[in-house]
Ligand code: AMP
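The chain below stands alone and is given in structure tokens; this is the form predicted alone.
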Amino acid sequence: MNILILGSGGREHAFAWKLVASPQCDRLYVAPGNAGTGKLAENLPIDPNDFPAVAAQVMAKDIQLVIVGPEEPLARGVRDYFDQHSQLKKVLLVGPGKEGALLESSKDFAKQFMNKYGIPTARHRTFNLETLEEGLEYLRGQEMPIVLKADGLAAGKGVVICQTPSEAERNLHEMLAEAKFGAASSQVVVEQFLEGIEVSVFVLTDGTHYKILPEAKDYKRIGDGDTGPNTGGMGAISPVQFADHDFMQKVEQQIIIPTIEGLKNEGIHYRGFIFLGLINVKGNPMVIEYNVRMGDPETQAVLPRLKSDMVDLMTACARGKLSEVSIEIDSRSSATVVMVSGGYPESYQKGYPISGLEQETSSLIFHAGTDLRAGHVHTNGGRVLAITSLDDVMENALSNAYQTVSNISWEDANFRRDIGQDLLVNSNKSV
């Protein structure tokens, strides 16, 4: 089977690594890919949002399966484009249509969906420029801290946690009146702040049946101790200790099943991943957000724990036959540390040569923002690499990942030094 992955990040490199391990994968393509995917597959220099260019390659390369990595092509309707194209509608595709993608592309839509189907989430109100004054007045009567979320896609950076009413009012004004996050903040969801520990749960569904993948916890802020601005993600661990059988039973009964049934009830034919960004509030799961694809960098921690054949899972999902396959999970712990460019998530430089990639290591080195220049790997983005290690003991997985990180370098590289430390039990060890 010839397979195409759309995307260029660490998530897509992890998909490529998992897919090429299947005997069913004949030729693998990644568009546009990075230096890491280029070692496993053929990179195609096309924009995933240029649907005619994608279609031309699918037909030219006789591709039978397309896996959509990032959210933007989904929100723009890549599945709808395929379904309406006479030569593409029979191509298997993993990812929801534009309507299903609203779960991620519109925070307001997601909130209304959760309210309608009784899915537990934070108290909230939505405001736009016309109702800005009403929003400012609303903020004055709320408990602090409070969360402001850009309604649309903002590359993981459209969320602001405000500690005081004045800070909240200033940020709401900046988001709505000054387009702080561009068109993404033309509407803003003002949301109750929930105290608890976050966890990411991943579901693969064919619209009727579903499989639950290993859960993970990611680390969004740039600095140790969860300080500084939000990023796309600085690391992840899997499994998550508190996500035990009882907790996951609540997740399944209170969130996963109502979500899938709700989509069916809305007439949304959904085939793909659902990422549940959850928070554990006194033992009860509540939804912070939906994503309509796998997370990054959680994918780099989750897929190494998946023992099942990835091509089997993807084709079963796309064909509506997910009930015919099973999921097998590696019991070992997985730890992922992300290495980023200095200055990220604000401005940063690209084009630095990376050393240490050829070291002998048991860790997996997933590329994100990299490219190949004159035969050597250089930085080409904010998040550059994701280093993943597996071990029976989480502390050892973390230690091994950090050991590999210590042997990789480029000018002004940065990473968090406390990934996983908040969840380690009975350990004062620092890695």
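These numbers come from a predicted model, not from an experiment. All residue numbers refer to positions in the sequence shown, first residue = 1.
In what follows, reference is made to the form predicted in complex with adenosine monophosphate (AMP), a form of this protein that is not presented.
Only one of Leu139, Ile288, Leu263, Met310 comes within 4.5 Å of adenosine monophosphate (AMP) in the predicted complex through a heavy atom, and that residue is Ile288. Shown without its partner, this chain lists Arg305, Arg125, Lys220, His269 as candidates; in the predicted complex, only Lys220 has a non-hydrogen atom within 4.5 angstroms of adenosine monophosphate (AMP). From the list 184-192, 325-333, 165-173, 251-259, the contact stretch for adenosine monophosphate (AMP) in the predicted complex under a 4.5 Å heavy atom rule is 184-192. When adenosine monophosphate (AMP) is considered in the predicted complex, Arg79 lies well away from it, no heavy atom lying within 4.5 Å. Although the partner is absent here, Asp244 lies well away from adenosine monophosphate (AMP) in the predicted complex, with no heavy atom inside 4.5 Å. Under a 4.5 angstroms non-hydrogen atom cutoff, adenosine monophosphate (AMP) in the predicted complex has Glu198 among its neighbouring residues. Contact between Val159 and adenosine monophosphate (AMP) in the predicted complex is found at the 4.5 Å heavy atom cutoff. Residues of 1-38 placing a heavy atom within 4.5 Å of adenosine monophosphate (AMP) in the predicted complex: none.
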